[in-house]
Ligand code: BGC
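To begin, one chain is listed below as structure tokens, in the form predicted alone.
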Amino acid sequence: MKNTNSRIPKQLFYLLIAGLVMILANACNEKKAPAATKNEFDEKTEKLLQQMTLDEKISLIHASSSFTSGGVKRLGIPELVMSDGPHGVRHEHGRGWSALKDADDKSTYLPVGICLSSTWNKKLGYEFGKVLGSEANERGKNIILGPGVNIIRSPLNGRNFEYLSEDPFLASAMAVGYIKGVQEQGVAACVKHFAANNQETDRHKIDVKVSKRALNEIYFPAFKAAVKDGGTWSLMGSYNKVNGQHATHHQYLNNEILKGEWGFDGVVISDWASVNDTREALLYGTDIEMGTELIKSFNNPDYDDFYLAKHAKKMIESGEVDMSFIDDKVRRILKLMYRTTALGEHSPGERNTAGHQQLALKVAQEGIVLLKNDGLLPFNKKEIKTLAVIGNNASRVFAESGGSSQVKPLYEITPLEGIKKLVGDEVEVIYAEGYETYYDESLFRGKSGEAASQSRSNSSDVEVARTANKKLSEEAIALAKKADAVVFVGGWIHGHEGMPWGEGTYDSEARDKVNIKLLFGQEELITEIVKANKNTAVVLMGGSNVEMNNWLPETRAYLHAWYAGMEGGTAIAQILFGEINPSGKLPMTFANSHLDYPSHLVGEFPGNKTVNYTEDIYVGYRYFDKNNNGVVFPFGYGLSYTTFNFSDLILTKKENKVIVQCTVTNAGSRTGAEVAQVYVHQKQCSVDRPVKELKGFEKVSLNPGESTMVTIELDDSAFKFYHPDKFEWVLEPGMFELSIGAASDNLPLKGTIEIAN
């Protein structure tokens, strides 16, 4: 016999084994639903459950309008009222799908998730959630659909602005405080989207092929922390499949991991229309179905035709599925109602208060990141007579764009308004739009991926009209020449006027970018403005980076402002003129091109029906470290107007913890804040591990000349890895190197410590 020496690739072998395990587990778990965790609400819940008919139980597990699930009037059980979104309570829909006109629904527009995470301030995460929960409470919402904690796998994801980080530890730390803040107001946080929902293109159709190690080390940790540390009361399933099964009703994700291993006793809510099968939804952990593809009329849907409505009832009555599965869902829903404002007793919320607006400002002040400064900033009002502000984004508002996370704000301060207010009569501010925005189908990937991703296989070859409007450009350059200094405000936008929701947006739900080139001729315009006036500071908005190599080298200062909320313009002005010392740090790596990222180099994005995560655990800085690939601005990076020194590293072991201590000193002349970041690396291991992994951080504020000792505790989870063969977390004894500093590429303190099993 001829020996072909054919072998199954190792990763594919493990996926096949995982699939077999899933099938066997499914067969063993379909007789009875798993018992929910006991808690203080059991007696009340059980009493109501025993009084309910099957029809009444069924009414609770599917939508009754666009943003409510059903109640039982006979028993005094209300509908659950839900609302987007992660950075502000969405406008009112009533029972339909369109925004209500003339509704009293203006709310505090908080900075987006990636801006919050850029603060690296866990206390602000809690305060952020507290404001959001209070406003949701005041608006009569029982569940707020946030935070979004999906990992930033590619800079092209149109929804990155809602998410927190490329790093699971940072995302976890910021999400926990957020959740606690929300739920203290009697409103359930709904952490989303579980799991491996890392692109918008074909999000309803794609099958993500990913190892269990990558799931557990990269894509699960923020959800796990939300459950075990944050105590989240609800969680949203995602649209995509994971290793062959839809995530919203997934045996491994929901039953084995979420409700099994993590002990989640809350409610799994489907993303809108993410349920695809009645039987799987009943058996594999979906508790409430919101939205559905079954409806025949979008404006007048038949809610009894949902997968978890009459179709579920038929399966129960026929005996195909045991009643225990329905009862488990109802128990969880009633428990959530008692925890929240639905059936629980809680203080009333507040909306649009001065305190909420100040919190929005504080997050913007700490979340905006100064990435380059050769001494140009901060500007001095006494030294500038005329300031040119150039760029469409200087006068653009963002709150009501971006997809489902849109907010109707009480107000929104633009950068131009913020600068004018700050300088008053001391500086003459002149403005030019500089470029015009427009919609071009080839600039993004659509819902079906057909626009650019299917017609052109290499998105870097896409050539589109990116030249700025000549008249506007000439006006801007002329203005720059006669000013003492220039602030260019550009970057991404959430949407374009006149386009329907989700159809003409560049940094939004339901759309992914085709590359990260600056839009609308901005790159050429920045270059010309810098030539005209060397005292130019660039401020870019957006949920990700842009290509920088063609304009950054000659630019003296660059501030990345994300979408900074209703007080964003105020914060930008304060940082530009030194009233606030910037302290933001990047929660994602800024490489120059999307093609530099592992999701494009060694993995797949956006894929074709399947998306292979062959980069495995090497996402973001883990990949760049492993391959020694240079980037423009590394993970954790951010400048200040003062300087900080790190010294006196002390590593000690106490019981099962490692105590990391170091001294941080403000060696400059301004009060400022620094983030001490702790990274861990195992020097020798039986499996491949990253060069370093973030496992702790602490933000401290210091006056000039002041020092403080920072103490960060690491428990044994900081040293474990998920074994690719044993499918469990392992602490392998050995020597570990700990590195501490101000950014992932600036870690002056290093020490080693031995960890025993």
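Source: prediction; values computed, not measured. In case it trips you up, residue 1 is the first one in the sequence shown, and so on.
What comes next is about the form predicted together with this ligand, which does not appear here.
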Every residue of 277, 307 and 309 near this ligand in the predicted complex, heavy atom within 4.5 Å: no
Proximity to this ligand in the predicted complex, single hit among 644, 624, 641, 239 (heavy atom within 4.5 Å): 239
Single option in 404, 172, 592, 555 placed near this ligand in the predicted complex, where near means a heavy atom within 4.5 Å: 404
Tell me the stretch among 669-677, 109-117, 188-196, 130-138 that has any heavy atom within 4.5 angstroms of this ligand in the predicted complex. 188-196
Would residue 272 count as touching this ligand in the predicted complex under a 4.5 Å heavy atom rule? yes
Quick check on residue 203: any heavy atom within 4.5 Å of this ligand in the predicted complex? yes
Although the partner isn't part of this model, could you tell me whether residue 156 comes within 4.5 Å of this ligand in the predicted complex, counting any heavy atom of the residue? no
May I ask you to check whether residue 514 falls inside a 4.5 Å heavy atom distance of this ligand in the predicted complex? no
Would you give me the residues of 45-67 that have any heavy atom within 4.5 Å of this ligand in the predicted complex, in order from first to last? 67
